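Quick setup: one chain, the form predicted on its own, written in structure tokens, and binding and motion questions come after.
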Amino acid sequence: MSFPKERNGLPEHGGAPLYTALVRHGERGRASFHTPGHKGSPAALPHGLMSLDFTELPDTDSLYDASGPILKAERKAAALFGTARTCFSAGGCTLCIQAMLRLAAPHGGKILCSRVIHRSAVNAMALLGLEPVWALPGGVAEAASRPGFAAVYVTTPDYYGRLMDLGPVAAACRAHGVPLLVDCAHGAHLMFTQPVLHPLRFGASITADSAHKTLGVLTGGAWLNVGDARYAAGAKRAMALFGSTSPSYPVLASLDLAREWLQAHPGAYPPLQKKVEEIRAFASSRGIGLPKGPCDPTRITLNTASVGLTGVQAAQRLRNAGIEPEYADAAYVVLIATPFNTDGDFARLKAALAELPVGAPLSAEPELPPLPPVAAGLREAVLAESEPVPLSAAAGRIAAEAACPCPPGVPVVMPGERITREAVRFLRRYGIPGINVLK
């Protein structure tokens, strides 16, 4: 019997292109400043976890009818977060977002939404027949003071790590008796920072936490955190409406292990925050800009446009220096740091930043245009027939998709909105060639 050769301790399979690509990427040995948060560390995930890839069996429980070890694990997670109920998801934060929208508005209605929103929420609202009413991030609290909404939906932190001031929004929601829903995909770890910055502490009713992004969890692991007891009983039923009936047990187990690790290491985040602050200070000393306002104390977001480099250019230089960032766009490069990054990772990052050239700043980001008028319902726009048109022919047409240039990461046009000339001019500046519109 012959055995396949090995690369990096893994057997070669030359006929499996994705597997081969993953093995070869691992061989590059780059410092991981991207998701998933476990960074491949054995301290986060035990060796051999994938050998536990079982299914719903009498002694392993069933995710949506949990009554045994899954229920016990979820109750331990609820105690950690201080929630009325916490449910596991092996379908990522998308499943949690779908479930919390279903919980908040099972019979449809208007949802006040921050314009900073993930496409999974837009698609879920279309499927559920919900009507979003859009507000720019700074105007959510004022808009929430008006009655008539079934719920208020916001995202914090955003991809750049910026935090929304949830206090006034939560107060407005309480005044009208409506739930505050928070996409906290990039902020599960904020329950463990000093100070605690998680939305549950600021009045969120339900949060969707993508644990795999910043914690020691396999990709696809997330928590639905139900802070308001009114929504606890229906949480599993809402998740079962959208979730796969074949969840990954290694992913579920990694959620349980992450909770155990967090309880065993209550002081893990202040040292990480200190390392991140040192990197930020060093970058700032070289003229590299940082986001303004309150930010996630573990997110490293660098405005390299302030020293003459696009984020894309800066990201490539970092890769050449052995650093793999999370994201880059026309102005920013984003790096995700977790307690599983080593001191060597941070030393390598600092050395790479020291080598970035410093030049004249690039042109400033343009001001966002006014929100376009709504010309069709979200569900109609998402599900209707559409066609691509060049941007030059898009003014006056009804968008069938969101157009979200980065920065600023705020959709300029949403499905169902009539595309304005101002929106076309804004999108053209980002080199967007066209958009799908309703036929």
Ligand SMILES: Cc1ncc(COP(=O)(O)O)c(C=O)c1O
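Every value quoted in this text rests on a predicted model; they were computed, and no experiment measured them. One rule holds for the numbers: they count along the sequence shown, beginning at 1.
In what follows, reference is made to the form predicted together with the named molecule, a form of this protein that is not presented.
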Problem set entry | the named molecule contact in the model of the complex: G92, any heavy atom under 4.5 Å | yes
Problem set entry | Contact of H189 with the named molecule in the model of the complex (heavy atom, 4.5 Å) | no
Problem set entry | in the model of the complex, R280 touching the named molecule (heavy atom, 4.5 Å) | no
Exercise. Is the gap between H212 and the named molecule in the model of the complex 4.5 Å or less for some heavy atom pair?
Worked result: yes
Exercise. Which residue among S120, S306, T338, T193 has a heavy atom within 4.5 angstroms of the named molecule in the model of the complex?
Worked result: S120
Seminar exercise, completed: Picking from A104, L224, A185, A238, the single residue whose non-hydrogen atoms come within 4.5 angstroms of the named molecule in the model of the complex is A185
Problem set entry | Site check A399, T420 and F426: each within 4.5 Å of the named molecule in the model of the complex by heavy atom | no
Exercise. Okay, which stretch from 124-132, 280-288, 93-101, 230-238 lines the named molecule in the model of the complex, with non-hydrogen atoms inside 4.5 Å?
Worked result: 93-101
Seminar exercise, completed: Contacts from 361-379 to the named molecule in the model of the complex (any heavy atom within 4.5 Å), listed N to C, are none
